[in-house]
Ligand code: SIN
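Single chain ahead, by itself, as structure tokens, in the form predicted on its own.
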């Protein structure tokens, strides 16, 4: 297959055509899609027709599939998560800037979202490049952040009051209920495939800077959260049935807009974990960085 890639915005984002994701794809095509992903950080496909099994099979070509600890997957494939906002639901899922699964010890490398049913208007998703956000910082702040780690947890977002744990008619979501762990990740992540640096904090799951009090962390994190969502680092995707977005959680935030009250939106997501060798390479790159 001959892929065609059309860049959508300056910071990130490209539309890929010339491929049918429902089919078993040769290794060379998977490699080309992966290269497009790491280069553009989020890639989009139109006019696909994917069963849950086909979406799962496509995702598994990039790494082991994640089973979400708080959101139930499909009965016959728990790695496939249905993200549904019914017409009567008030709160959507994913309606705030975040990076998927940063609250795990080995965070996901990517997420693949497929549109089953979309509203007549609204329901777009915003994406923000955290590599561009890092590049835009002063060299002095870059050096400071490269020496810091941050604590991530699902405890706040999946608490009884958290946005993600709110009740939705067609999604089974469990509260963290004090059981969520805390995991430390570098505040500047070195991409294991490109070597490019990106900020790795997000408003949903970053709790504080390691070794700092929460009150001390707040000022710097609030500054970074505001900086990271600057419009120049973003792109916006308008969904229609059959659309697919595949984004790199190592360098991208996303935000599902909740501007379609009274309408139904049905998506399916699979999330890709790193192969063990990828986690090792990433750790080696981090260790090789100057102090």
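Positions refer to the first chain, counted from 1. In this text the structure is predicted, and so the values were computed from the model without any measurement.
If you look for the form predicted in complex with this ligand, you will not find it shown, but the lines that follow are about it.
Checking 149 to 157, 87 to 95, 132 to 140, 180 to 188 against this ligand in the model of the complex, the stretch whose residues place heavy atoms within 4.5 Å of it is 87 to 95. Proximity to this ligand in the model of the complex, defined as a heavy atom within 4.5 Å, singles out one entry of 118, 166, 217, 125, which is 125. Contact with this ligand in the model of the complex, judged by any heavy atom within 4.5 Å, is made by just one of 201, 113, 109, 198: 113.
Contact annotation for the candidate site: 100, 265 and 269 all lie close to this ligand in the model of the complex (heavy atom within 4.5 Å). When this ligand is considered in the model of the complex, residue 253 lies well away from it, no heavy atom lying within 4.5 Å. With a 4.5 Å cutoff on heavy atoms, residue 83 counts as touching this ligand in the model of the complex. Using a 4.5 angstroms threshold between heavy atoms, residue 246 stays clear of this ligand in the model of the complex.
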